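Form predicted on its own, single chain, as structure tokens, below.
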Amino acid sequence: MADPITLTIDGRQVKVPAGTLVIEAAKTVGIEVPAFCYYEGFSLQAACRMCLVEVEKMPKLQPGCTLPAAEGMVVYTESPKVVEARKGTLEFLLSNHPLDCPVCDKGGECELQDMTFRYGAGESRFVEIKHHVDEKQWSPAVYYDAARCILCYRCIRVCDEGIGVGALGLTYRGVAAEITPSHGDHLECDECGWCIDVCPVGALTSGTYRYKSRPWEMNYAGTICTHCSDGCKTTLSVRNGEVIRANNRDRSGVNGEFLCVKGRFGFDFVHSEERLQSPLLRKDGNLEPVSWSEALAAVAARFGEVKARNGKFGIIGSTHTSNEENYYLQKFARQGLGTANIDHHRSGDVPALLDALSGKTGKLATSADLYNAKAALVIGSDLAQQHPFLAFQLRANFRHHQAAVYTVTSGVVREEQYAAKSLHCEAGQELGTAQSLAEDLKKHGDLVILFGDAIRGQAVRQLVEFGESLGIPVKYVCLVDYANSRGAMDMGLLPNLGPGYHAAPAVGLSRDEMLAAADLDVLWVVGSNPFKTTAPAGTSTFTVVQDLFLTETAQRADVVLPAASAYEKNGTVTNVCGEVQRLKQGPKVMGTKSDLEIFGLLAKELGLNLGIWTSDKVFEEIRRTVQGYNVPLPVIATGGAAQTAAVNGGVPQTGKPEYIRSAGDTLFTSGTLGRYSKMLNRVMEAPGQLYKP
């Protein structure tokens, strides 16, 4: 940290590191210097002149967003001279800005509107006819109204510097100047919509939100994105029970303000016309709508009959259900039904990593570590496509700290734009290729290694041995696919391991083995769609499915129970870095129940005593019984993230790594949920492709 300097702002002494900008120094003592073009973390623009401040012994007003604080500097942020200058700036900006606040989407959240109320004059000297340009639609998600634009360039910078896409630029000059897509009249980008959120006025608007509501007419639910495993917090804006917007403008959560296209626009599956809203029971070969009581009774009767004759159960869990639901499901299977056949779609070898790190502490990287590490090595993953927030962290680390990033992949990835070294290799050669970087990696102060499903089983142990041989602090991230893939493993949805990776009382069948078993009496599938890729061997197996949609698996079921999505329930999930965060219910879809409630009602029908099935009570049990999950409740309750270490010893049996495989989702696909998101499918970039330049 540079030596601190002391300056005076509005009569208050401020001590900040040398080099701190005056606008940031003022923030440290709660003084706001207004600005439109300045945006923390991105390059300086000094375009709007709204942040002008008066500095003693300087003849002219100075832009606070580019002026470094200096020892002994005396700054005034609200002097009459400064206020008069801001009035002039606003008058100039409004000279061509339409006064359409009553219909503008930004009304109530507009920075220009706020500043006009604060400093603006009631009358303008500009009476000329305003230059009008028709609104343009750049994509299904993004609209641009040039007449409202104040040319702050925030959108250009977050797209270019933050995401690395560079989809926006500036064309024309003077009053005709406007933001323009780099590809003619449309966007070809990540469709993340961040440009909409950072727009200080209503120039950029959202295809899902425009003209639907006002900010004060909505309820807000801060929850965790239900798509990939990065664990981004997203705040759902709900009006009349409908989600109409998602963003994270309060910068809470591990992701700050960042969201990808799934987090910002991929919520519309919640209100899909194809959502199941009534249980279905197969009668005379057809699935017929029935009441919840009839459906649950039918399931309980068959479960009870099979259990009574020691029949064979198979249970496939979900990577989207909460920790509480996963914990309760494995308890239902092992204690309630007496079966060890429980598994889920595994996309990363976390048990092998935890076993390889046995006895070591502080070896699992958090998402914040990706922003602070001196170096990072990405193995076998198209990070910008599969883990956009982790990719954003690495890019920001490079921009702000000049971190060295290395990639070992089978094709071109976006990280190569700034990587210190990138190597391509054939599938199966990833570990050996990564090891060839040893001399480069040793030069750095610390390192984070991120690896995908290409490294599994014994290769994970070899990777850890390689990392420990470098002689520098090394942390690891085992990349997994979906919102609670990590939590599913931590909670014991594994055929050989219970919660906390303790050895299960008995070893059961894996997911693939259950699908291949012709003698299963019951197959219970929760929030998964295994039949999409693999037809089950059992032709007479009684199949129960809990899902949001009539998937390929649900179509072949005997009973289908309509489940609530993660956006419609409370609970917790664990992201790819092992950080536990809270789910908070936003909307409620009529006719559905949370998976936890379904489990509880089934247990009641079967006469099982598995404990109270509320999320709070189950999480209390998890905190008591699963190592590492005794996280501080205030951190979780206030929307923060607490990293877990579910085990710090050897993992007794790490399972069959051959069944570990990523689904290979891109930015625009997300398993079953992605299929029912109209926005994800409407953008021209969908479905995307991995390892595409």
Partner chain sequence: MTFSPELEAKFAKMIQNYPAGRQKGALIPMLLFAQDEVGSMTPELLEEVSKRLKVKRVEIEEVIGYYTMLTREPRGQHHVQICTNVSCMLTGGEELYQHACKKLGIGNKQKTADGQFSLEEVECLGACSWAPAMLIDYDFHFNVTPEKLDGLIESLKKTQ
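Because the structure is a prediction, the values reported are computed rather than measured. Numbering follows the first chain given and starts at 1.
Omitted here: the form predicted in complex with its partner chain. The next part is about that form.
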query	finding
Segment assignment from 265 to 273, 431 to 439, 287 to 295, 172 to 180: heavy atom within 4.5 Å of its partner chain in the model of the complex	172 to 180
Contacting member of 445, 72, 184, 338, with respect to its partner chain in the model of the complex [4.5 Å, heavy atom]	184
Among the candidates 165, 610, 517, 300, the residue which, in the model of the complex, approaches its partner chain to within 4.5 Å (heavy atoms)	165
Heavy atom of residue 160 within 4.5 Å of its partner chain in the model of the complex	yes
